[in-house]
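Taking the form predicted alone, here's one chain by itself in structure tokens.
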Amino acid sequence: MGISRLGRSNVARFTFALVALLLVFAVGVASAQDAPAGVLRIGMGAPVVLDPSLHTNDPETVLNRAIYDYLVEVLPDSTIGPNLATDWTISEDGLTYTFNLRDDVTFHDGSQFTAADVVFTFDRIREVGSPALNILGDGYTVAADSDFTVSFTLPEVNADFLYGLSAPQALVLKDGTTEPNVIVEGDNPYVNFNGTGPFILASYDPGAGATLVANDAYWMDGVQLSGVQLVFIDDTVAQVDALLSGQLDFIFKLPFAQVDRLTDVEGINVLQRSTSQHPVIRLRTDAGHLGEDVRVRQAFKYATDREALNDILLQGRGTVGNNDPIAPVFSYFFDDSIENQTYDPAMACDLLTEAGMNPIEATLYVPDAFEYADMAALLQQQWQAGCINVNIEVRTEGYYYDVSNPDNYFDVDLGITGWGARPSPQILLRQAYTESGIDTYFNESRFVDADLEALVAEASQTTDQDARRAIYTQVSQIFLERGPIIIPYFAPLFGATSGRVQGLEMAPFVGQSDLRSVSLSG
């Protein structure tokens, strides 16, 4: 029997909140009146995959971004800036990238950072099959030209290579690291959390939280926080309650239903950022699965009223674009002339009859993040008119995105997935809609289309923006005709801070928000 989170009882919400707040107290987070001086308290879901080269979601990135540094990094305006590299040059043929490195950086264990660490890191990224390869490609070679100069050689032009070097998983490890972020027995259980970053891990409880202290030897001036306390609270309602009661300083990825609770509250600042962030409603297309027949994919599109979803769930704050990942925020590449399927449940039924699948009986899997569970309940109602009957299964976010679990996001036939912002549409296309994305657990729909593969490959080597725009128009047409996804809207990102937080600029991919610029008043 299907379930609806739209009607979840107040008792259930209170129970979730109470349990979460007990966890907050369990890890010793102080109230607003006696909050630890200089310690930023962040409420978030519990990390699952800790390996810096393999993590994928925002809580994991928050933890690793505090401990490690990037060679170069994506700035809030989606441009690339220096970090461990001071500057770089690109050869005229676009195949060689040479970086000069800082010579005043040490790891937490006191050892010197050099080019050997960069070489080790990016060799390991390739060896472990990091998601960063969806942007970097796996054909590059990396070499130390000197102790503080490193070069990458590419087999072909990759217009987004710098974005690959600043991917969430491209954090620099110490040369020879064998067990990154593995807790061990003994007097120094966190010896494997050895980065060059602004904070050092002091304690970690997988069920409660983590404490990090400032790295006094950090190479960059101006870091003002004395520490960061991560409090693991999976339920976003409980996160909001904890912020309102003074137990937390920063929460992110707020469901729209919770934003109104915080608006105009004294001592609370609501943060909003336009992004390419979006939910994807997707069907698996490989043989024997629900979306193998193109007519079924089309039926789901006709059965979905995207404007209604935006109006009800986001109060119209989202942008209804095309059913492809080229978001309106990528204004130069977005084609607003594409005419998408309108809501027509009768057409959906006709298509399913043609496909011999009227009615469809299926299970829709969804994470308990953002407004996605409520979206599932609305889809259940809309789809029923289009001859699609679904039961809904809600999973905790950490469980859902862990591919070692049985009904995880990558394996289910029909699911909703949250995609965080990317600085370029090419990154989303390469990660989630090409054959290589299957091996890295990103192409969850298993959509492999020869025309799309060729266009994405061409765009990767096209630095001329006009030519790239023409390619993306063809990409949008493919998704219109045979794509396995529905993107109901592109959503702004919401977060909130306590009044004592200064200088926090929320990144579009929020896990990469730079805490080095943050200070606390009071």
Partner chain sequence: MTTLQKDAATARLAETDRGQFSLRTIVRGLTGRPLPLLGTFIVVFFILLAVIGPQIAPYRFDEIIRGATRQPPSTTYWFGTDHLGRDIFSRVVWGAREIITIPLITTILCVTIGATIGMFIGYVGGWADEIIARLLDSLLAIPALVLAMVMLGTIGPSVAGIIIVIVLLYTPIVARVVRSATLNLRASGYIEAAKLRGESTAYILFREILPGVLPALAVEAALRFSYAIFLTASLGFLGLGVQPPSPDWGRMVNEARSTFSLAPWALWFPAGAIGILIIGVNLLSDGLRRVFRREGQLV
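If you superpose the two forms and keep the largest set of C-alpha atoms that fall within 1.5 Å, you have the rigid core. A quick note: this is a predicted structure, and the numbers were derived from the prediction, not measured. Positions refer to the first chain, counted from 1.
Missing here is the form predicted together with its partner chain; even so, the following discussion is about that form.
- No member of the trio 184, 188 and 202 reaches its partner chain in the predicted complex with any non-hydrogen atom inside 4.5 Å.
- Contact with its partner chain in the predicted complex, judged by any heavy atom within 4.5 Å, is made by just one of 440, 319, 224, 380: 380.
- Only one of 90, 308, 143, 346 comes within 4.5 Å of its partner chain in the predicted complex through a heavy atom, and that residue is 308.
- Heavy atoms within 4.5 Å of its partner chain in the predicted complex map, among the stretches 420-428, 97-105, 259-267, 208-216, onto 259-267 alone.
- In the predicted complex, at least one heavy atom of residue 399 sits within 4.5 Å of its partner chain.
- Proximity of residue 312 to its partner chain in the predicted complex falls within the 4.5 Å heavy atom cutoff.
- In the predicted complex, its partner chain stays beyond 4.5 Å of every heavy atom belonging to residue 278.
- Proximity of residue 392 to its partner chain in the predicted complex: non-hydrogen atoms within 4.5 Å are present.
- If you fit the rigid core between the shown form and the other one, you'll see the Cα of residue 304 move by 2 angstroms or more.
- With the core superposed, residue 151 shows a C-alpha displacement below 2 Å between the shown form and the other one.
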